[in-house]
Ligand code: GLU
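The chain below stands alone and is given as structure tokens, in the form predicted on its own.
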């Protein structure tokens, strides 16, 4: 079983989507199911409706999953496992106050050493715990050995017990911490491989320690994806518009191209242009670079143009808000100078716009309109020009500039000889 585990606390970003795509691809390759686990335990940060938005985006990208699970629905299991850990002596109550812990952190900082829990409450007797009249958290006892695992991307990783420490499993308000809920839920769902971002790398030994303390013996594989950098070489953040999947889609980048680019990013692939479904045939996690990859919007534009060309003309027309196959064919001509749906839509909409900005050629545009209305449809562009020039008595710049404005709504663009075979069918709407 595989899982994609987003939190409903904000927009899904490209790092999240990349993780979802890789989980989908590898689950398909291995013939295993993929579940979506909405990690909604941080109730203060959850945003209403973000869970549905996440699922809609996954559907938009064709990521198929077998079930949707809400982590908060597993609270009863989290508490049952806490009881087990306390009874087995693998976990303990900690009554240290936040102020007390902060003072110790500050002392460690002043001595220029990392803070570690000092074991103040680790050996309290059952009677002392029962008699304590103040709130507590539950901590896992620090492992007594190093924890090792093989990362499919980063190789062998080893963590000393001090790197793991006696960390908190259950908060004072009885809500499980991220690492505890995650470890338990991976057990409950029988997860076989966890693919996620490298920002979770330090969480992995803690989750392994939790499962070992619970006596869970199944080996879960891990693959931690390097971070994605922005154009300045810094980790992408919410301030980078291009980090938001919603923003990319709203700008006219299509799912096929975004998915293609996220698979290509920091990867060795046998071809440059492909779909997610095509990548299932050859994708290998081991080919992902260990180093961060820089997000290049120009590269995404290039791929977007390629995938727009790949679309069936009728499908392209629909995505632009039209329903004629010919409009899709027209749009593909404009791909010489456009790379997104938004840019294409601007070009196509200009053709059918009623009020055109004709500048100094307004009189000529009207003359051409009237002349075309009196003409029968002519298939050949050369013949069309010849007859129109004769009827309008215009020539040179005073003919060609206003003709382009009339037919396309712009002074510049692809050769009219390329556009005319399609535009001639719409002259009734244009003039």
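Residue numbers count along the first chain shown, from 1. Small disclaimer: the values here were computed from a predicted structure and weren't measured.
In what follows, reference is made to the form predicted together with the named molecule, a form of this protein that is not presented.
Asker: May I ask you to check whether residue 210 falls inside a 4.5 Å heavy atom distance of the named molecule in the model of the complex?
Answerer: Taking the distances in the model of the complex, the answer for residue 210 is no, it never comes within 4.5 Å of the named molecule.
Asker: Give a yes or no for residue 42: in the model of the complex, does one of its heavy atoms lie within 4.5 Å of a heavy atom belonging to the named molecule?
Answerer: Contact check for residue 42: no, nothing within 4.5 Å of the named molecule in the model of the complex.
Asker: So in the model of the complex, does any heavy atom of residue 308 sit within 4.5 Å of the named molecule?
Answerer: Answer no; every heavy atom of residue 308 is more than 4.5 Å from the named molecule in the model of the complex.
Asker: Applying a 4.5 Å heavy atom distance criterion, does residue 196 contact the named molecule in the model of the complex?
Answerer: Judged by the heavy-atom cut-off of 4.5 Å, residue 196 is in contact with the named molecule in the model of the complex.
Asker: Of the residues 182, 330, 245, 169, which one places a heavy atom within 4.5 Å of the named molecule in the model of the complex?
Answerer: Spelling it out, the residue with a heavy atom inside the cut-off is 182.
Asker: Just one of 235, 154, 93, 200 has a heavy atom within 4.5 Å of the named molecule in the model of the complex. Which one?
Answerer: Of the candidates 235, 154, 93, 200, 200 is the one lying within 4.5 Å of the named molecule in the model of the complex.
Asker: Where does the named molecule sit in the model of the complex: which of 161 to 169, 343 to 351, 248 to 256, 174 to 182, heavy atoms within 4.5 Å?
Answerer: Result for this chain: 174 to 182.
Asker: From first to last in sequence, which residues of 1 to 20 have any non-hydrogen atom within 4.5 angstroms of the named molecule in the model of the complex?
Answerer: Contacting residues: 3, 5, 6, 7.
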